[in-house]
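Consider the single chain below, provided in structure tokens and representing the form predicted on its own.
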Amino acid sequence: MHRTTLTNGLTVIAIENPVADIVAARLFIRAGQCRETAEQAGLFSLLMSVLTKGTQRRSSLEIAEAVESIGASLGADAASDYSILSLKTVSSDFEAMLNLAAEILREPSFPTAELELERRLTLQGLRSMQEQPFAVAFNQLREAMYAEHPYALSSLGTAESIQALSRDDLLAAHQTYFRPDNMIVTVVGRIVPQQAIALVEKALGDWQHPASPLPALTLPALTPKSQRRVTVQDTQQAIIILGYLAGSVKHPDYAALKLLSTYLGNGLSSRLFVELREKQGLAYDVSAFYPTRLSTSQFVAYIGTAPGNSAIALTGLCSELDRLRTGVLTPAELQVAKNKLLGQYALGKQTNGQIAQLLGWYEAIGLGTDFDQRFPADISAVTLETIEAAVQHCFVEPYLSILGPADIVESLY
């Protein structure tokens, strides 16, 4: 792996992988949902959806033809802590695709017609989410947990914020955050690292960053406070979600909580699946997750169950989280969780795109590329005592979101 910083502040990470004649690249911008206000919720999701729809020199159709004529792929997306432009192509076409990506990043035109189309699609997506019981219940939980924090809202935003966003808002966000000293480019594939770096410098090296510094990222402090929220919806299953505010990726409990989420909710052999679905027959769907976040994250366990089983399902879900306080995780269970997590982590780095994504992501959220080696070591070093300490720190103030028919949710509230 070669890592360098160009004179304009842009970070380049290049890895040669000659197995297949493919090159994948990821162009990260250190700005995403965490930079949004409630009034502009969904800004970066909308911006990235329009970004590839026109430049000062090309229309949306011309961009699509340039990509598809060589069998390449190009996509853009926004996440909680970053935005990203992704590309993949055969080695011989990499320079052309990189130059196109550079043009899109530096000279987007944000055509009004394309903006209005993406606005309509986003609003349709938001309406569709209202018909998905888990999405409604999870949004309710997230809003309770995060309050005024940017993570409180869906990355798509709200109907009100999306309708209010203008082309000028997109231009202002682009001008503020799309600058070389706020970017990381990762290139992985059949290309010599020095050549990859030279091509990035040729395409983006003359892009000068503004003299003004980036706006400081100031996020509100979060104080855990138990809450229970319910939504009445005439559905064929009840959704019960239990959540706790949890440490960021840089918190000392991070590795232990990753193992706990694996133990509880990862796969058909996970604790929640075996106990609540296989043994008790309570769950249509049951799992747990702990997202990797730059700011305060959340540890979430959930179950979808028949409305008539809601009370016992809620008791079972809470009991499985509570039992961890007594240190009942055995050494064998801990080792199985480690093996599962480390095995899946290794399998998640099989393709050039996966490697480019992972290393660029680590760099974008301030962990550095060496976190790729530190993470497995941190997981291996977790002990039962480490697990117990993380449980005592995290599982203190529960947030509960319940969705289902009126008679069910009212009895649980």
Partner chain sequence: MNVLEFPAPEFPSPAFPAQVVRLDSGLTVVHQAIEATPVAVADVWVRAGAIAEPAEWPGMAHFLEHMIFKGTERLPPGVFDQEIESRGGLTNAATSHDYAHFYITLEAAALPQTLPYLAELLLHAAIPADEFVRERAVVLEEIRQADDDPNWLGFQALSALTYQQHAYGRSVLGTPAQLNSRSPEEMRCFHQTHYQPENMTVVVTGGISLAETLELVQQSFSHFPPRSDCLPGESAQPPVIKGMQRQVLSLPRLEQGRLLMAWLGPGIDRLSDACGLDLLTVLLCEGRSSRLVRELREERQWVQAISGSFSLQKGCSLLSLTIWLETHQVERVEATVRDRLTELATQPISPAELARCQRLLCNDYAFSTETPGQLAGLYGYYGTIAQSHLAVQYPRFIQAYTPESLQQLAASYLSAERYAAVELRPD
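Positions refer to the first chain, counted from 1. Since the structure is predicted, the reported quantities are computational estimates derived from the model, not experimental observations.
Keep in mind the form predicted together with its partner chain is missing from the figure; the text below concerns it.
Undergrad: Counting any heavy atom within 4.5 Å as contact, can you tell me which stretch out of 369-377, 25-33, 348-356, 382-390 lines its partner chain in the predicted complex?
TA: Only one stretch qualifies here: 348-356.
Undergrad: Sort through Glu201, Asp181, Glu103, Glu114 and report the residue having a heavy atom within 4.5 Å of its partner chain in the predicted complex.
TA: It is Glu114 that has a heavy atom within 4.5 Å of the partner.
Undergrad: Using a 4.5 Å cut on heavy atoms, which of Ser128, Asn99, Ser319, Gln195 is close to its partner chain in the predicted complex?
TA: By the 4.5 Å criterion, the partner-contacting residue is Ser128.
Undergrad: If the criterion is a non-hydrogen atom within 4.5 angstroms, does every one of Ile70, Ser270 and Asn339 touch its partner chain in the predicted complex?
TA: Yes, all three are in contact.
Undergrad: So, Thr223 and its partner chain: in the predicted complex, are they within 4.5 Å at any heavy atom pair?
TA: No, Thr223 is distant from the partner.
Undergrad: In the predicted complex, does Gln124 come within 4.5 Å of its partner chain, counting heavy atoms only?
TA: Taking the distances in the predicted complex, the answer for Gln124 is yes, it comes within 4.5 Å of its partner chain.
Undergrad: Consider Gln233 of the chain shown here, and say whether it contacts its partner chain in the predicted complex, taking contact as heavy atoms within 4.5 Å.
TA: Contact check for Gln233: yes, within 4.5 Å of its partner chain in the predicted complex.
Undergrad: In the predicted complex, does Thr55 come within 4.5 Å of its partner chain, counting heavy atoms only?
TA: No.
Undergrad: If you apply a 4.5 angstroms heavy atom cut-off, which residues in 50-66 are near its partner chain in the predicted complex?
TA: Stretch hits, in order: Thr52, Lys53, Ser60, Leu61, Ile63, Ala64, Glu65.
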